[in-house]
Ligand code: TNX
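To begin, one chain is listed below as structure tokens, in the form predicted on its own.
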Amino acid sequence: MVFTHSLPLVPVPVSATAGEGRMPVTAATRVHGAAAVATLLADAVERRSSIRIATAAQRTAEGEPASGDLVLRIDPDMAAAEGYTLTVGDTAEVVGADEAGLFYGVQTLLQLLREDEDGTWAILRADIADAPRFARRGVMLDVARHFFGVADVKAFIDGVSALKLNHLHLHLSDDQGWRIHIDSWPLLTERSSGTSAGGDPGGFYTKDDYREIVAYAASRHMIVIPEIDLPGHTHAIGVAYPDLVEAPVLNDSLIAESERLGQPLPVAGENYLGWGVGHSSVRIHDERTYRFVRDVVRELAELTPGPYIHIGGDESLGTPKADFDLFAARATAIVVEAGKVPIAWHEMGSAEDIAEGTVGQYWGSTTPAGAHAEEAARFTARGGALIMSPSNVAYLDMKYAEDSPLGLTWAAFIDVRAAYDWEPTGILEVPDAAILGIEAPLWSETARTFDDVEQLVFPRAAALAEVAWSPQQSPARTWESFRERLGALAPLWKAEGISFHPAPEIPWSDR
């Protein structure tokens, strides 16, 4: 493994050697390669430098690459899925093992594009070989507590896919709102989508909106995972269809937290504007509930080409344990019947009869408490695997520090170093091979605008992307190396319009 620490790359590649000097980029620079990825590269170079380089579609003759040109191609004989090589000398060549690898190689190339002191632009010379550590590198956007439209979701996809994250988990339903139209249950969006937490405006995705998001994510090599949270977090379902849910269970913790925050308590049949949890449940012993679940899962499966549907399962405090176990078994089986792999939060591991192969998502601490570790491990015992989202290091909705204006504090204060200094394997007593990868969730209780979302996500998403992508034993996988490399991303993020949090522990570059 070879690495030169001076290269400003995040996440750090498997191997990278810096060359001497730079390859100039000018209006005469040309891109040789498939139109889609060549155009993506040309557009990004123009946003960064104001230089419009020529793509194949703009040229009258293809010609051989000349000095200063960029070459993009795929070599199917490369072994590692999503891998790539990048060589920058007199020309720059990105070779992907597949289309995703080519896309990621282009993202690395863009990080090497720098402005010189005289205002000219060039690409740092380097020789790089790279491939991901984990196949699953995810991020979650909660559009239920606060709603974000198609344009915002596309911008979110652009920002996180550039960090080589490849799964987008959309949290589409919660107590505060239902955000996806379902033809067979139309009142969900008619009655339960109009508000958000705190009484802010709501919204929902039409099926065409959702298809647009899925297609855009695919163009950035991200798989969309839709989540309908069940059997708890279901107050909004009851606003539309009261016969599907139980009366709210007002536990002492909910009452105390609502009083502390000055938020209303949930009222059956009324939109819920607070963000307390654990008070809602669907009716477990009513067959109409399972017809509802089957219809929703079927319509989501028809819209979703990816292999997964997330069925929730967290914080079902208003559901008796035996009822929870019954629902978990039936709901995961419904997802399998629809031809998808079920994903569930780790609490569903407490149910013995969840469908074989169900994937668990662990959101407990890096030091597991209570039954969290045991619940998570049961997924692997039933032929499934695990996604690691430990809340005290991977939750993007936590405050950076005590004085941060955005975020919550119940899991931890998570500065950039805390998001970086952890290891996905070893937290749970399961084989390393059972860990599919990581996911960084962004819950949106305090994120009222997309600017708020970006402030919470960036730069911590970069830290988590390196945890997921880069070799654990890389000599550059150190905090001191990372903070310098991360700081060098500032001009690129500014050019892309990303409203990142200027964390004081990072030496942000202006060039």
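Remember, it's a predicted structure, so these values are computed and weren't measured experimentally. Residue indices: 1-based, along the sequence shown.
Missing here is the form predicted together with the ligand; even so, the following discussion is about that form.
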{"property": "458, 492 and 496 each touching the ligand in the predicted bound form (heavy atom, 4.5 Å)", "result": "no"}
{"property": "Non-hydrogen atom contact residue 145 with the ligand in the predicted bound form at 4.5 angstroms", "result": "yes"}
{"property": "Contact test in the predicted bound form: residue 223 vs the ligand, heavy atoms, 4.5 Å", "result": "no"}
{"property": "4.5 angstroms heavy atom contact with the ligand in the predicted bound form for residue 277", "result": "yes"}
{"property": "Close approach of residue 376 to the ligand in the predicted bound form, 4.5 Å, heavy atom", "result": "no"}
{"property": "Position in contact with the ligand when the complex is considered in the predicted bound form, options 400, 395, 204, 185, heavy atoms within 4.5 Å", "result": "395"}
{"property": "Sole residue of 371, 261, 333, 408 within 4.5 Å of the ligand in the predicted bound form, by heavy atom", "result": "408"}
{"property": "Segment that reaches the ligand in the predicted bound form - one of 92 to 100, 119 to 127, 194 to 202, 314 to 322, heavy atoms within 4.5 Å", "result": "314 to 322"}
{"property": "Interface residues of 219 to 233 toward the ligand, as seen in the predicted bound form [heavy atoms, 4.5 Å]", "result": "233"}
